[in-house]
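In the block that follows, a single chain appears as structure tokens, in the form predicted on its own.
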Amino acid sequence: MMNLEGYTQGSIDWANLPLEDQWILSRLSTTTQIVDRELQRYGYAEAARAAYDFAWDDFCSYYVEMAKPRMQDPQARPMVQRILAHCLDQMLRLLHPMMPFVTEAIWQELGKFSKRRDLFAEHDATHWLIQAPWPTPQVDSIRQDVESQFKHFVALIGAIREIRSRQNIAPKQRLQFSVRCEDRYERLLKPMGTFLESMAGAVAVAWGSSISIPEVHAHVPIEGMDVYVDLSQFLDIPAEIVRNEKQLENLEKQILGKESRLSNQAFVGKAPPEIIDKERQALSDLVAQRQGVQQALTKLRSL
């Protein structure tokens, strides 16, 4: 609501909506469809989860953050405010069955900024939220391609933040990262570089299937991509060697346990085939992890 100061009622330039506006409106309609479906089948927990995820993740964690730079532009600010107010209006309606008192209180505060917030309604909002019509999904607003794009964007931000947290890198310190991926992922995500920089404090230096991986890096695999963050300016090499040695020791113990179990004829003879296959796959994964840690240690000791 701090961002709604000076709110003015008006139309939206639907033909020139920025990508983030298209995304949040699409997510709002998709979420409304999910909540509708789940309430009709008495799936109250699922309905609440869908509304919660939209409110907390899509709207608060991402859209509000992406909208902040445009809020500083006097020309862009009115349209952003209308999208914000519309989403909050619809979100309160979706959440009202699950948390009536809090949503009603917020509805009263929202009414102080504007009586007409629903971008698709031709009349003012009701005084009381409990009297308001249930939101209708705007099917024409649903953009599966944009939602898919943002799904990968969110995963990429999550990978960068995970590395930052794992390596104890302060939020103010800028990161450089590379993404090994197919061309289609590059086309989706490269144009979102400004959001990656403002929301994750990170700058992409390379995209594509044949990137040069930084000599000292942290790696997180996500769907369709491998994310590498250059740690050369942050890494405490002695501490990293100790951490990897402990990880290697732990992996060795787990591998020994799996090998012992699979060599036990009593277990192999009685266990169902799917359990044995699961154990063999787990052993294979552990061996691959051990190889990766050993390679990392070799590289660190050479620095």
Partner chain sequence: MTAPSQAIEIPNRFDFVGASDRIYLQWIEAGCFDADADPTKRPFTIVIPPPNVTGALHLGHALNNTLQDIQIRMHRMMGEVALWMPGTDHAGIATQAVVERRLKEFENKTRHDLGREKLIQRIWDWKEQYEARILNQLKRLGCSCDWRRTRFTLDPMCARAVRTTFFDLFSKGLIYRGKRLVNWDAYLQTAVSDDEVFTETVDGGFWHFRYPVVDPKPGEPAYVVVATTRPETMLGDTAVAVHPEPANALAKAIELAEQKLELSAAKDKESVQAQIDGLKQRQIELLPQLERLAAMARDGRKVLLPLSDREIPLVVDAWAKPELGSGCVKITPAHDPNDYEVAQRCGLPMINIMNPDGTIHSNGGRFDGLTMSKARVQVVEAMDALGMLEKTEDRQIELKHSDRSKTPIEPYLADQWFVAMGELAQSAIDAVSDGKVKIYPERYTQGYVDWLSEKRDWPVGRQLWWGHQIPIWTRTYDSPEEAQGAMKKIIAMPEATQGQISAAIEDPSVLHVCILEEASGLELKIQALGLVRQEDVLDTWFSSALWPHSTLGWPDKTDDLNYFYPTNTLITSRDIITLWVARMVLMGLNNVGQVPFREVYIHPKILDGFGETMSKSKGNGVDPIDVIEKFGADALRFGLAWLTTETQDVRMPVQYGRMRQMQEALLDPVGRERRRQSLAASSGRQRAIRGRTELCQQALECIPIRDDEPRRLHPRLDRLGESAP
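If you're wondering where the values come from, they're calculated on a predicted model, not measured in any experiment. Positions refer to the first chain, counted from 1.
As for the form predicted together with its partner chain, it is not shown, yet the points below apply to it.
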At 4.5 Å by heavy atoms, is each residue in D36, Y52 and A132 next to its partner chain in the predicted complex? yes
Check F120 for me: does it contact its partner chain in the predicted complex (non-hydrogen atoms, 4.5 angstroms)? no
Although its partner chain is absent from this view, report whether E109 comes within 4.5 Å of it in the predicted complex, heavy atoms only. yes
Just checking whether Q72 would be counted as a contact of its partner chain in the predicted complex - the rule being heavy atoms within 4.5 angstroms. yes
Given that its partner chain is not shown alongside this chain, does S209 nevertheless sit within 4.5 Å of it in the predicted complex, heavy atom to heavy atom? no
Would you kindly say which of I213, V203, A76, M99 lies with a heavy atom within 4.5 Å of its partner chain in the predicted complex? M99
Out of E65, D236, E259, E245, which one falls within 4.5 Å of its partner chain in the predicted complex, going by heavy atoms? E65
When its partner chain is placed as it is in the predicted complex, which of 124 to 132, 214 to 222, 140 to 148, 189 to 197 ends up with heavy atoms within 4.5 Å of it? 124 to 132
Which residues within 164 to 193 place at least one heavy atom within 4.5 Å of its partner chain in the predicted complex? S165, P171
